[in-house]
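Two forms of the same protein chain are encoded below as C-alpha cells; each is given separately, as structure 1 and structure 2.
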Structure 1
C-alpha cells in the first residue's frame, strides 16, 4: 500500500526587538546567566505587564509578509502550567484573538509549486532555561530568555514531506529576515519548530494518529526526524510493531531516534483566559497603514527587478537578494552612482571578501549604501584609482565613525592628479633608467613595458588614471 504523510508545523520565531515583551530588560542573545532580568520577568508580585509596541509592529509585519488578515483588535491571554523555567507559572500568549490569521505561503520543491495555509500567528513570551549542575545534582534556572518576545506561526496540515517542510521553513526564514522581524538563527534557537505528523493510506480522507516532535532547531535534524517518524508510523500500521498513540515525542539526533515523552508532561488543560492587566490592542488605520508601507519588496520580486530593469546577471541577483542588508546597501549605492553592475561587483567581490576575512555573515553588513555609492562614483569618475578606493572601503568597514570617501581621499593624498607635467617627468626618468626594457618593447615584447609602467605608478603613489599613464608612456616611447 502507498501512504501519504500529513504534516503541520508550529514555528517559533524570536522577534528582533531591543527589549523584552513586557519590561525594559534587554532581549539580546547571550549575556551572563540572569543578567537580563528584573522583578517583572522573574515573576515577582506587583509588576504589571506593559506591552512593547514594537512587538506588535513585528507581529503585524510577519502577518502581512505571510499574507494574513490582521486582527484589528488583538488581545493577550494567560496560559497556565507549572515548570520552574516559567516564573509566573503562566505564559502570556494570544489565544482568543491572535494578531494575524488565515495566511498563505508559497513554496517550491522538486515536485513543483504549492501554497501552504497559515492558520494563525500569535505573539507570546519565551520561557527561561534550566541548567543542570551534575556536580551538585541540582537544577538551576536562567531567566535571561524569559519574556523575550516570540511569534508562533501555526500552519494548517498542508505539508506532506520533509522536502516541503524544509522549503517552507526556508521560505519563512527568508521572508522574516527580509522584513527584519527576526534573524531566524536556528542554531541560537531564535527559530525552532514543533512538527505534527501523521500517516494515512494514500487517498484516505481520515487522518492517522498524530504525534508531535517539539523544539526542533536544525534543518538536517528535522529531515531525519520526519523520515524516521514516517517509517515508524508505516511500520506500526503495516506490521503492528507498536500501537500508535497521540503523544509528544523528543527527537534524539545523536541516536537518530524519537522517544515518547512522559504523558504527564504533555497532557494539559492550560486554563486559558484573557489577561485582565493587558487592555485589548486596537490597531487603527494609521498604525496599520504605517506597517503596510514599511514592508519590503519580496526577495523574488527584487531579484526579478534587478535582472530585468537593472541588467544584473542571475548569479549576481541571487547573491544580492539572499540578504536584506545587501539589498538595502545595493539600492542606496545604486541611487548615488548610477551603475548597478559596478555596485554589484563591489558588494559581491570586495565587500564579501572583507566580511569573510572578518568572519561575519552577510546579514551583519553595516556599510552605509550611500557612502559606498559615493566611493564607487569617485572611482568611476577616475578621481581615485581602484587600489586606493579599496583602501578607503577597508577603512569604512573598520572605522567606528562614518567616513566621507571624498574627504578621506583628499586627506590621504588619494586624489588622482591631473598634473601632466609631473607625469611626463616621471615617465622620462623611468624610460631613461631602463633602456633595455624599451629596446625589448620595440622588439615586440609587449610585456617589457609593464616594469616601467609599474615604476611610474609607484613614483606617482598611484594617484593617476592608469589609462592616461599608459597612453602618455606609449606616446613618449614613440617619440624617442
Structure 2
C-alpha cells in the first residue's frame, strides 16, 4: 500500500525587540543567567503586564508579509499549564482573537510550486530555560528568556514531505528577516518549530494518528526527524510494531530516534480564558496603514529589478537579496556612485571577507551605504587606489565613529597625486638599486619589470596612477 504524509507546522519566532513583551527587561540573546529579569517577568504577585507596542507592530508586519488578514481588535489570553520555567503557571498568548489569520505562503520544490495556507499568527511570551546539571542531578531555571516576545505561525496541514517543510521554513525565514521581524537564527533558538505529522493511505481524506515533535531548531534535524517518523508510522500500520497514539515526542539527533514525552494535550486541557489584566488592542486605520506602508519590497521582486534594471548577474542578485542589510547598503551606495556592478563587487567580495573574519553574518552589517558609495566613487575617479581603499573600508568597519572616506584618505596620504617629480625620483632610485632586474628585463624577461614596479608602488604608497608609473618606468629604462 502507498501512503502519504500530512504535516502541519507551528513555527515560533522571537521578535526583534529591545525589550520583552510585557515589561522593560532586555529581550537580547545571551547575558548572565537571570540577569534580564524583574518582578513582572518572574511572576511576582501584584505585577501587571504592559503591552509592548513594537511587538504588535512586528506581529502585524509578519501577518502582512505572509498575506494574512489582520484582526483590527486583537486580545490576549491565558494558557494554563504548569512547568518549572513558567513562573505564573500560565502563558500569556492569543487564542480567541490572534493578530493575523488566513494567510498564504508560496513555496517551490523539485515537484513544482505549491501554496501553504496559514491558519493564524498569534503573539505570545516565551518561557524560561531549564538547565540540567548531571553532576548534581538538579535542574536550574534561567528566566532571561521568560516573556521574550514571540509570534507563533500556525500552518494548515498542507505539507507532505521533508523537502516541502524545509522550503516553507526557508521562505518564512527569508520574508521575516527581510521585514526585520526577527533574525530567525535557529542556532540561538530565535526560530524553532513543532512538527505535527500523520500518515494515511494515499487518496484517503481521513487523517491518521498525529504526533508532535517539539522545539526543532535545525533544518537537518527536522529532515531526519520527519523521515524517521514517517517510517515509524508506516511500520506501525503495516507490521503492528506498536500502537500509534496522539502524543508529543522528543527528537534525539545523536541517536537518530524520537521518544515519547507525554500525551498530546488538547485545547480543553489548557483552559484558555481572556487575560483580565490586558485590555484589547484596537488597531485603527492610521496604525494599520502605517505598518502597511513600511513593508519592504519582496526579495524576489528586488532580485528581478536588480537583474533587469541595474544589469547585475543572477549570481550577484541572489547574494545581495539574501539579506535586507546588504540590499539597503547596496541601494544607498549605488545612489551615490552610480555603478551597480562596482557596489555589488565591493559588498560581495571585500565586505563579505571582513564579515567572515569578524565571524559576523550579513544581517549584522552596519556599514553606512552612503559612505561606502563615497569610497567607491573615490576609487572610480582615480583619487584613491584599490589597495588603500580597502584599508579605509577596514577602518570604516572598525571605527566606532563615522568616517569620511575623502577626509580620511587626505589625512593618511592616500590621495593619488601623480606628482611627476616624486615619481621620477622614486623610479631612478629603484632602477639604480636593482641593476640585475633591469638587465633581465632588457634581456627579454618581462616579469623582471614587476619587481621594480612593485618597489616603486610601495615607495609611493600607491598614490599614483599605475599606468602612468609603468609608462614613466619604461621610458627611464629605455633611456639607459
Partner chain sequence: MKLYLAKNENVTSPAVVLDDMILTSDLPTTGGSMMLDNYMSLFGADIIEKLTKAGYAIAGKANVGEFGIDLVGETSYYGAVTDDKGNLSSASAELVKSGDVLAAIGLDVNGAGRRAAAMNGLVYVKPTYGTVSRYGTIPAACSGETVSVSAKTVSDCKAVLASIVGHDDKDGTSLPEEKCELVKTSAASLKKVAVIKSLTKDIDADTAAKLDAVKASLTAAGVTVEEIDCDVLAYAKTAWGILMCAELCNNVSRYDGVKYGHRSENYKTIGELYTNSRTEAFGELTKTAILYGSETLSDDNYMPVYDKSLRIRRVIIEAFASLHAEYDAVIIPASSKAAYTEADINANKYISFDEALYTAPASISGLPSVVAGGVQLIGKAFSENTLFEAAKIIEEGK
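Please read all numbers here as calculations on a predicted model, not as lab measurements. Just so we're on the same page, rigid core means the largest C-alpha set that superposes within 1.5 Å between forms. Numbering follows the first chain given and starts at 1.
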Fill in the blank from the handout: Answer check: the form predicted on its own matches structure 2
Problem - Rigid-core frame, C-alpha of residue 440, shift of 2 angstroms or more between structures 1 and 2 - result: yes
Practice task
Superpose the two forms on their rigid core, then report whether the C-alpha of residue 138 is displaced by 2 angstroms or more between structures 1 and 2.
Solution key: yes
Practice task
Align both forms on the core first, then report whether residue 471 has a C-alpha shift of 2 Å or more between structures 1 and 2.
Solution key: yes
Exercise for the section: Enter the rigid core superposed C-alpha shift of residue 430 between structures 1 and 2, rounded to one decimal in Å. Expected result: 6.7
